[in-house]
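First, one chain by itself in structure tokens, the form predicted on its own.
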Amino acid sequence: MAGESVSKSLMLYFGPQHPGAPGNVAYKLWLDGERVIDAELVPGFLLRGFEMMMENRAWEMNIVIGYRFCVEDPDSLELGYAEAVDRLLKYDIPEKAKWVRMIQHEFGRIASHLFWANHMSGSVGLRTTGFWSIAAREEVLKWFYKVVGHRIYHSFSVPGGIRWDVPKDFKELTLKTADKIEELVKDIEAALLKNSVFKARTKGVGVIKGEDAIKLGITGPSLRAAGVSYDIRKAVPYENYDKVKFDIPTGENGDSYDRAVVRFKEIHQSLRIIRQAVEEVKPGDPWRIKLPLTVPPGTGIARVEAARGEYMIHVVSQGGRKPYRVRLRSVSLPLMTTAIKHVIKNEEVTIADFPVILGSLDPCAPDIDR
């Protein structure tokens, strides 16, 4: 922010109550006319201290806290915490639980990407595709309600496996939901990505090349849109991801348009994974190992490929009924800091471009205020 050009510019607050802001954060934007010449993240509007709270609650109680770091993608966090405790306990959970966890994880990714599509549509003034996206997401939430009893937060992937067995019509329900989502997403994808306004607002805007993305700490779809074929599900497989076939969608230009294309392609790959996984869920198979009341000393680390990138969850036990330490590696912090600053430094960003670029990166603001 230092420098003569900044000192002579206009400083404008953007957020936290702004339709283009990604949740409960604000930015200080320095403008030279309509051009954004610098941006500074202003966090702290949603500080909840979840990591500290988890250190003062029993292991099993933390299941209902661990996924609240990001309401838009809670299932990745839920699975990450369960996996971290499994590794601390050296559990090898039942195969059925692994397959069901994967299905939950992928439906959660789809729900998150559809929620992003709604926000991204609004950022460029295309509200119709946003409404369609929310309607498609509703099909995922209906599946969750029928399988686990809750629409948003699920408390289903727990240390030792899954909380309870799946319903008898699980396969039929899952395949029917996957088919319905695929049908709806094809329309949304075509209507948004082929729209001339969307192309004009996103192509060549917010460019981050692969080498730069790695240096900036970016993971997930924003990294893959820059041409880097890296996905934790392939690089360091967890659950049974090494037993299913799926592709890693990548882009070429690393711009806002490529980030949109990659997310839609990821929805189709998630459906592909779900259809393979559900065939392996056998009625009557064991689905959980009971969690002991006390946990021995040790550490557990889990890395999961969430909708926005790599979450790493680290739990430390000194023995007893609750963790000594719980820490989360934020996906969104680099997206809202180093990524944004890099784009502003390297291309001409107008005030109208700023929410489009920010939306294309899809940060989840609460995961930095934890």
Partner chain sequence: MVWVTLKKAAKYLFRRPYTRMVPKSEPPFKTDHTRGRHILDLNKCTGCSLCKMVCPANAIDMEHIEVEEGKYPQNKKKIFPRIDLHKCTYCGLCVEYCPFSALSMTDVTGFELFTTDKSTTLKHPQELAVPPESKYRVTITKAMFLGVLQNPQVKPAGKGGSHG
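Numbering follows the first chain given and starts at 1. Given the structure is predicted, the values throughout are model-derived calculations rather than measurements.
Another form exists, predicted together with the partner chain; not displayed. Remarks below refer to it.
Peer 1: Candidate spot Ala200, Tyr230 and Asn240, all three in 4.5 Å heavy atom range of the partner chain in the predicted bound form?
Peer 2: Per the other structure, none of Ala200, Tyr230 and Asn240 touch the partner chain.
Peer 1: Identify which of Ile152, Ala135, Ala235, Leu175 has a heavy atom within 4.5 Å of the partner chain in the predicted bound form; exactly one of them does.
Peer 2: Looking at Ile152, Ala135, Ala235, Leu175 one by one, just Ala135 meets the 4.5 Å heavy-atom criterion.
Peer 1: Of the options Val261, Val207, Leu216, Val148, which one has a non-hydrogen atom that comes within 4.5 Å of the partner chain in the predicted bound form?
Peer 2: Contact residue from the list: Val148.
Peer 1: Quick check on Glu139: any heavy atom within 4.5 Å of the partner chain in the predicted bound form?
Peer 2: Because a heavy atom of Glu139 falls inside 4.5 Å of the partner chain in the predicted bound form, the answer is yes.
Peer 1: Does any heavy atom of Met312 come within 4.5 Å of a heavy atom of the partner chain in the predicted bound form?
Peer 2: It does not: once the partner chain is placed as it appears in the predicted bound form, Met312 has no heavy atom within 4.5 Å of it.
Peer 1: Wondering, does Leu89 line up within 4.5 Å of the partner chain in the predicted bound form on heavy atoms?
Peer 2: It does: once the partner chain is placed as it appears in the predicted bound form, Leu89 has a heavy atom within 4.5 Å of it.
Peer 1: Is there a heavy atom of Lys171 no more than 4.5 Å from a heavy atom of the partner chain in the predicted bound form?
Peer 2: So Lys171 does not count as contacting the partner chain.
Peer 1: Could you tell me which stretch in 246-254, 109-117, 221-229, 292-300 has residues with non-hydrogen atoms within 4.5 Å of the partner chain in the predicted bound form?
Peer 2: Of the options given, it is 292-300.
Peer 1: Pull the contact list for 187-201: residues with a heavy atom within 4.5 Å of the partner chain in the predicted bound form, in sequence order.
Peer 2: Asp187, Ala190, Ala191, Lys194, Asn195, Ser196, Val197 sit within 4.5 Å of the partner.
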